[in-house]
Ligand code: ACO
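Listed next as structure tokens is one chain, alone, in the form predicted on its own.
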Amino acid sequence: MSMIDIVKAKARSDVKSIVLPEGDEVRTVEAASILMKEGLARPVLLGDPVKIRETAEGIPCDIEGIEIIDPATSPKLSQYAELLYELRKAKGVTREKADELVRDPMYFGIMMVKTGDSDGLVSGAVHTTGDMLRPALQIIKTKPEMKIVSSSFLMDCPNKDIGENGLLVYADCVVMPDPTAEELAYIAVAAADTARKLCGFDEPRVAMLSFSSKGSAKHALVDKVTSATRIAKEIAPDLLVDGEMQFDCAIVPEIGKSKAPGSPVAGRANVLIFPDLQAGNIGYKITQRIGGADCFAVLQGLNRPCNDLSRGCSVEDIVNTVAMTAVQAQG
């Protein structure tokens, strides 16, 4: 069973409500129809109901039974506006501005997740990452034990001898350009949690990656990774995390034994933490394009799950991301 099949099975076991702010976008409408048909989530489409139904007819696809909400006419509008004002008045948001903001489907969707009226949110077919992440950080905020939002890429590799039967978690590949040692440690802890919840790893084994393995090179960049490893162990004492180590030291057993003898992680890592965004982004794309891996991205660290899509996403991408968001919402 592939990684995404495992995720979909989990999503069906406890179906969650996922709001889609880009409710009249053609791929989103088709994805909502599939999600409903396959029992992966209870999608909620935001926007003008007439336009959404016209979009569905034009595909064509069946959206019977899918909840459609027009933020501008919702009975929740005043409640959400008042809550947003209370949350953001210290930052200069007036009642009038709050009323204006919650009419925007993105803010309305974030407020649905904040209040528990929906279990999670997925956007990005039209909007940028910042369009979603900005209100999510303002309103939903990070988990109490987390200081930052980051990302994990779930890599389903053809080579089943690496990671966890071919499954690897890469972080961070999207959000944090140049994390500090402390931020890198929080990325590691969050990625391990993602590995447990989404991939079903009983034992995340986290490798803190570098161009050095256990002191083989001396440089400030190496020092950052060794410091991050120490901090991660302090944050999560029960987590199997080790570093610094090179990529081959992390995933190849004989190299791990040679370069990091006695390490509980070297040679058998299933969660790989890259030292910065350049390395992470390059690494996942090499694994995908040359290594032939399927990859699936999620955000981590928010108090409630919200995930981002590429604006070039396919209908399948939306379905998969909603399923992963639903599993995150299961807690």
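Values in this document were obtained by computation on a predicted structure and should not be read as measured data. From 1 onward, residues are counted along the sequence shown.
Not on display, but discussed next: the form predicted in complex with the ligand.
Colleague: Would the ligand in the predicted bound form be within 4.5 angstroms of a non-hydrogen atom of every residue among K91, G130 and L137?
Modeller: Contact check passed for all of K91, G130 and L137.
Colleague: Which residue, P177, P75, P144, P237, is the contact with the ligand in the predicted bound form, using a 4.5 Å heavy atom cutoff?
Modeller: Checked against the cut-off, the match is P177.
Colleague: If we define contact as a non-hydrogen atom of the residue within 4.5 angstroms of the partner, is Y284 a contact of the ligand in the predicted bound form?
Modeller: Output for Y284 is yes: heavy atoms within 4.5 Å of the ligand.
Colleague: Would V149 show up as a contact with the ligand in the predicted bound form if we use heavy atoms at 4.5 Å?
Modeller: Yes - in the predicted bound form, heavy atoms of V149 and the ligand come within 4.5 Å of each other.
Colleague: Considering non-hydrogen atoms and a 4.5 Å limit, does the ligand approach F108 in the predicted bound form?
Modeller: Although the ligand is absent here, F108 would stay clear of it in the predicted bound form, with no heavy atoms inside 4.5 Å.
Colleague: Is there a heavy atom of Y80 no more than 4.5 Å from a heavy atom of the ligand in the predicted bound form?
Modeller: Outside the cut-off, so no.
Colleague: Tell me which stretch of 52-60, 273-281, 259-267, 30-38 has a heavy atom within 4.5 angstroms of the ligand in the predicted bound form.
Modeller: Of the options, only 273-281 has residues within 4.5 Å of the partner.
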